[in-house]
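What follows is one chain in structure tokens, specifically the form predicted alone.
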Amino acid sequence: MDTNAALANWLEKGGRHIGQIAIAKKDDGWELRHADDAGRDDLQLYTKTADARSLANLDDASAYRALKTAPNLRHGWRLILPDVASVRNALDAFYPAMLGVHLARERGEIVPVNLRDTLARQTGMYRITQKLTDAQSQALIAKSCRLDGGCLKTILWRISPELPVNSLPAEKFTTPGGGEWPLLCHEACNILVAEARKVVKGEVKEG
């Protein structure tokens, strides 16, 4: 099943949320809006798939969103699209690769990569991240990956085979059900690796 077909099947079964976005069927197609904006009738209207990229790029303060899965998607808009293919393209702009990652996991094609393995591959200026201690790892993950202000993804990886991440609540590792399309993290992102470098170099506080 391709991504468009999988998304159409999910929507047909009642799927209506992904990250901070609520999806609703309308007479003229599909509507996407910030989930916090439910019930508002003063939202700015957008009608092009390409609008999703500009909507995803800035937060409410017009600051650039380097991490698209951060819980700071801007408010105040509604995006009307004609069909599922357009919805799929828009969601790929809001949450790059997240549709495909979930489907790949369902097919058994996603293997989580432990943090130690990710850091072991770093070279050049990031090689120093291999010196990150277990305690530093736990503190950094708690700060950077938390749901409130960090990242909305569900973490699938561990620090090492013997050491799970225990510095975040259980909900951070639980795949959402019902009508929500999960955002999955199967490997530490570049932003976390960059922060790990700062911690090892003593440029930021761990707490």
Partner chain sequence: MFSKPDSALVIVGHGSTLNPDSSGPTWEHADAITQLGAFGEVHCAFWKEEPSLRQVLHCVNKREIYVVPNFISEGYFTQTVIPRELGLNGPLTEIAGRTVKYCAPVGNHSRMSDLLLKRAASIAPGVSPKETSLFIVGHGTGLNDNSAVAAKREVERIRSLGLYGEVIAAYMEEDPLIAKWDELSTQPNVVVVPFFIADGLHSYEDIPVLLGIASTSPGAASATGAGVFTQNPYRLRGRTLFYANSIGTEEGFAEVILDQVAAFDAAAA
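Residue numbers count along the first chain shown, from 1. Being a predicted model, the structure only gives us computed values, none of them experimental.
The protein also exists as the form predicted together with its partner chain; that form is not presented, and the subsequent description refers to it.
- [ ] Considering its partner chain in the predicted bound form, find the one stretch among 29 to 37, 50 to 58, 134 to 142, 166 to 174 with heavy atoms no farther than 4.5 Å from it.
- [x] Only one stretch passes the 4.5 Å heavy-atom test: 50 to 58.
- [ ] Indicate whether the candidate residues 146, 156 and 203 are all in contact with its partner chain in the predicted bound form, with contact defined as any heavy atom within 4.5 Å.
- [x] Answer is no for this spot.
Open item on the list: If the cut-off is 4.5 angstroms on heavy atoms, which of these, 85, 104, 80, 128, is the one near its partner chain in the predicted bound form?
Closed with: Selected residue: 104.
- [ ] Please run the contact check for residue 22 against its partner chain in the predicted bound form: heavy atoms, 4.5 angstroms, yes or no?
- [x] Close contact is absent here: in the predicted bound form, residue 22 is far from its partner chain, nothing within 4.5 Å, heavy atoms only.
Task: Non-hydrogen atom contact residue 45 with its partner chain in the predicted bound form at 4.5 angstroms - done: No, residue 45 is distant from the partner.
TODO: May I ask you to state whether residue 186 is within 4.5 Å of its partner chain in the predicted bound form, using heavy atom distances?
DONE: So residue 186 counts as contacting its partner chain.
Task: Distance check, residue 96 to its partner chain in the predicted bound form, heavy atom within 4.5 Å - done: Flag for residue 96 set to yes.
Task: Stretch 102 to 117: residues contacting its partner chain in the predicted bound form, 4.5 Å heavy atom cut-off - done: 104, 107, 109, 110, 113 sit within 4.5 Å of the partner.
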